[in-house]
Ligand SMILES: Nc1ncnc2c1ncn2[C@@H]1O[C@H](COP(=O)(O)OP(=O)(O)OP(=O)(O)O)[C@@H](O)[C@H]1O
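Below you'll find only one chain, the form predicted alone, shown as structure tokens.
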């Protein structure tokens, strides 16, 4: 059975695509799947840093696509998860060095090597986006609960449909307390606007910053609510489609847990 290729995209930068790629990839690998995560942001790579593999790079995605090395030579084995591999981006080339046709052919080879391939798509809808999408079976669109992010996600979803790539929605960096106060869009608001199937909801979590700075996998942190959400997303991608989506809830203070409301009745 051929592997599945999923592009993780958003249109807008800074919404958490790289963290999602690394975390979902690691979680799928821990589901006993052979997984490759690929940094498609040529010239501005950072997936290697997030995974703590920056010192092990010899070849990159440009070398592999253009036939300068084999897939196995470019794929860096993760330090802690046996069947997780990284193919990094080139730091010195530009996005035009890979053509969509060459990337499409490369994706055929990837299908024979891995159960899942996750492509970390660069921001924007130009050449890097074209290269990332051309060989994909489906897409995960990352969107934060912000009007600008929703607008950009809507644009990307239209482009994905035009290329016959099925999109699913991941709402990232939800702050339940802000949603409760009406200061942040709810995930229902985002889903209503974008009108695509929801794959997961990920809360804002300080552990993401810690994980990124240390190169440690977020899903290994049992205290991380974001890590837990990414693990559940991986389970859905791996066939457990009926697994309920947990909605991040605001934490109650001491008096809230006792059922008291702030202030006095008058």
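What you see is a predicted model, and the numbers here were worked out from it, not measured in a lab. Residue numbers count along the first chain shown, from 1.
Omitted here: the form predicted in complex with the ligand. The next part is about that form.
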**Asked** Every residue in 3, 6 and 136 with a non-hydrogen atom within 4.5 Å of the ligand in the model of the complex?
**Response** no
**Request:** Consider the chain as shown here, without its partner, and state which of 107, 71, 157, 123 has a heavy atom within 4.5 Å of the ligand in the model of the complex.
**Result:** 123
**Request:** Select, from the options 169-177, 192-200, 128-136, 90-98, the stretch whose residues sit within 4.5 angstroms of the ligand in the model of the complex by heavy atom distance.
**Result:** 169-177
**Prompt:** So, in the model of the complex, is residue 58 in contact with the ligand at a 4.5 angstroms heavy atom limit?
**Reply:** no
**Message:** So in the model of the complex, is the ligand close enough to residue 53 to count as touching (4.5 Å, heavy atoms)?
**Reply:** no
**Asked** Is there a non-hydrogen atom of residue 248 within 4.5 angstroms of a non-hydrogen atom of the ligand in the model of the complex?
**Response** no
**Message:** Is residue 48 near the ligand? Define near as a heavy atom within 4.5 Å, in the model of the complex.
**Reply:** no
**Message:** Under the 4.5 Å heavy atom criterion, name the residues of 178-212 that approach the ligand in the model of the complex, in sequence order.
**Reply:** 202, 203, 204, 205, 208, 209, 212
